[in-house]
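A single chain, nothing else alongside it, follows as C-alpha cells in the form predicted on its own.
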C-alpha cells in the first residue's frame, strides 16, 4: 500500500513537471517562430532603421516602426495612469471599508466587467468616449480632433484592465492576516495609517506584480484599441491626435500580406517586436520586484 502511494506521488510529480516544461516551451516556440518569420526583413533592412524610421510605405519598401512603437507606449501609459489609482482605491474601499452587503453587490459587477469581450468595449468607446473627446474635451485644448485619439485608446484600455487589477489587489489585501491590522490599531494607529503602513506595505510586491500583469495585457490589446485610436501611422504630438499601436497594425494588415513576402515579414517583425517589449518589461519588473521584496521584507 505504501509503495503504491509512493508510486502515485512520483507519477503526479513527474506529470506536473512535464506539463510545466511544456508550458514554458511554448514561450520559446513562439519566439522562434516569430524570429524566423521576421528574419527576411531583418536581413534586408537595418534593424535600427526599422525601429527609428517613421515612414510606412510597404509598396515602396519603407517599413518604419517608430510611430507604432510610440503609439503603443503612449496608449499603455495613459491606460495605467488612469487605471492604477482607480483600481487601488476601489480595492482598498472594498476590502477595508465596505460592508458585506456592498461587497456582495460590487464583486459580481467587477467579475462581469472583466468578462465583457474587448469588441464591446470598442463599440462603447466609439459611441461614448470618441464623441465626448471630439465635442466636449478636445475643443478646450486643440482646434480640432476627430475623437479617435491616443486618449480614447487609453481610456477604453484603462476601463478594460481595471477589473483585473481590482480583483488581484482585493485578493492580496484580503490575504493580509487580520491580526496584523489589529496589532496596528491596538498601538494607536488610525485606520488609514494601518492601511498605508501595514496593508499596502505588506502587499507592495503583489501590487507591482498586478500592475505588470495589467500592463502586459494592455500592450497586447488589439480590437478595442484598434476601434478608437484612428489608426493613422504618425507619431502623436498630443493625446488628442490619432495613433496606431502595434497590435492594431498586425490585425488590420494581416489579410493583405499574403502576396508580398516583405510585407508579411515586416508584420511578423512587428509581432516579434511586441513580444520582445513585453518580455523585457516583465524581466525588468521582476528585477525591481526582487529588490523591493528584499528591502521591505517583513
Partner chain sequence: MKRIRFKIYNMQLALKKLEEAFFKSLMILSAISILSVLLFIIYSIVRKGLPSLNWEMISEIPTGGFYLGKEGGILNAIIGSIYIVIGSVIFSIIISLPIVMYINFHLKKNSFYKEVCRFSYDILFGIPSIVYGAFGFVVMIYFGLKASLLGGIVTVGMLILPIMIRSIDEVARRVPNELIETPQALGSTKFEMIKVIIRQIMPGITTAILLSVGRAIGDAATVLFTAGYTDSIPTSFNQQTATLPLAIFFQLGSPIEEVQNRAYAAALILTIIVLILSLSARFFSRKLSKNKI
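Positions refer to the first chain, counted from 1. In this text, the rigid core denotes the largest set of C-alpha atoms whose superposition between the two forms falls within 1.5 Å. Source: prediction; values computed, not measured.
This protein has a second form, the form predicted in complex with its partner chain, left out of what is shown; the following refers to that one.
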query	finding
Candidate stretches 47-55, 245-253, 64-72, 232-240 - the one whose heavy atoms come within 4.5 Å of its partner chain in the model of the complex	245-253
4.5 Å heavy atom contact, residue 176 to its partner chain in the model of the complex	no
Heavy atom of residue 127 within 4.5 Å of its partner chain in the model of the complex	yes
Distance check, residue 33 to its partner chain in the model of the complex, heavy atom within 4.5 Å	yes
Close approach of residue 191 to its partner chain in the model of the complex, 4.5 Å, heavy atom	yes
Option touching its partner chain, based on a heavy atom within 4.5 Å in the model of the complex, out of 198, 113, 137, 77	113
Contacts with its partner chain in the model of the complex - residues in 268-286 whose heavy atoms fall within 4.5 Å	268, 271, 274, 275, 278, 279, 282, 283, 286
Flag for residue 234, CA shift 2 Å or larger between the shown form and the other one after aligning core	no
Per-residue C-alpha change between the shown form and the other one, residue 31, threshold 2 Å, rigid core fit	yes
Direction of the Cα shift between residue 284 and residue 170 in the model of the complex, where the change is 3 Å or more	closer
Inter-Cα distance between residue 169 and residue 286 in the model of the complex, nearer or further [3 Å or more]	closer
